[in-house]
Ligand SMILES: NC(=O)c1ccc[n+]([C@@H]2O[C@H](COP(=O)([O-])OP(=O)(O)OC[C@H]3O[C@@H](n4cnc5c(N)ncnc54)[C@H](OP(=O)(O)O)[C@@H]3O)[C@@H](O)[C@H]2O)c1
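First comes one chain, alone, set out as structure tokens in the form predicted alone.
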Amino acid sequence: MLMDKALIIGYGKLGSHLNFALKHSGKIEVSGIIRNVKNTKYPSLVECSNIIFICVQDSKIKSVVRKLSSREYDLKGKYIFHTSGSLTSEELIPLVGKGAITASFHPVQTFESKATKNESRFSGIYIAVEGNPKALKKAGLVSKYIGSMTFIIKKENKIYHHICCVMASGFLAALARGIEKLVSKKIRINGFKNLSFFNIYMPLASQSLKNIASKGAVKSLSGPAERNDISTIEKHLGALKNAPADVLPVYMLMGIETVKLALEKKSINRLQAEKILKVFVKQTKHLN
């Protein structure tokens, strides 16, 4: 059996990690990398590759597709994937007319910087795929080679999948930033430099995520709202008036959501929930 040869178009954070994963799979050869979408070496690299990954920013996918759609490319039988989280395989429709087998291939992982030779971000993660059934089968094989697992998603649900990704990663980072600001401005823990202070809170965050994974978000809820501890919430809100200005609205927003969650868990009743929410409402004047 001939080894698959993959071309990577776009060498940003995701593309660099994918390159590393493919090379270390021992099953797929990276035939080439195109860092600049205006690169003139497309023809020879496309010709010798049977799999093409488009790893550019969402706004540049159309440009790559437009280039691949030109007469100089023979795409018959080639598997072409884009790695966008929010866009579907419909972005690749112009290539289907040229015989390409297409799908979207979105790794459910965070890539905050380019890969180093010692990183393996694809190991044990899920990859959301949708598109041509034959392409999905190939995507499953590629995922297996790089240590990942695929799950098939409907086109109409792709955007909701991406929202979940943003909430699980970007929003989590935003919440962590609130902790950073409080530590640096108010707590000033001696002996901790740079970001190492977060080691204090990491076990708590990690265990919370483990609880959510095994029990679900509702059953995993803990904290003052879940205990109907209004006095503690009031103390928090009072203290945050003297914290960096943008921490209070984040705390209030997430606090209100935890009240809803506590009500859903039935650890508090509706009357108790309304009383806690009134405490948050009183603080809205401090947001101006």
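Keep in mind it's a predicted model, so treat the numbers as computed, not measured. Sequential numbering from 1, following the sequence displayed.
The next section is about a form of this same protein that is not shown, the form predicted together with the named molecule.
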{"query": "Single option in 68, 262, 51, 61 placed near the named molecule in the model of the complex, where near means a heavy atom within 4.5 Å", "finding": "61"}
{"query": "Option touching the named molecule, based on a heavy atom within 4.5 Å in the model of the complex, out of 35, 241, 227, 219", "finding": "35"}
{"query": "Contact stretch among 219-227, 43-51, 242-250, 27-35 - heavy atom within 4.5 Å of the named molecule in the model of the complex", "finding": "27-35"}
{"query": "4.5 Å heavy atom contact, residue 56 and the named molecule in the model of the complex", "finding": "yes"}
{"query": "4.5 angstroms heavy atom contact with the named molecule in the model of the complex for residue 132", "finding": "no"}
{"query": "Exercise: residue 109 in contact with the named molecule in the model of the complex, heavy atom 4.5 Å", "finding": "yes"}
{"query": "4.5 angstroms heavy atom contact with the named molecule in the model of the complex for residue 18", "finding": "no"}
{"query": "Non-hydrogen atom within 4.5 Å of the named molecule in the model of the complex for each of 88, 151 and 153", "finding": "no"}
{"query": "Within 4.5 Å of the named molecule in the model of the complex: residues from 79-103 (heavy atom criterion)", "finding": "83, 84, 85"}
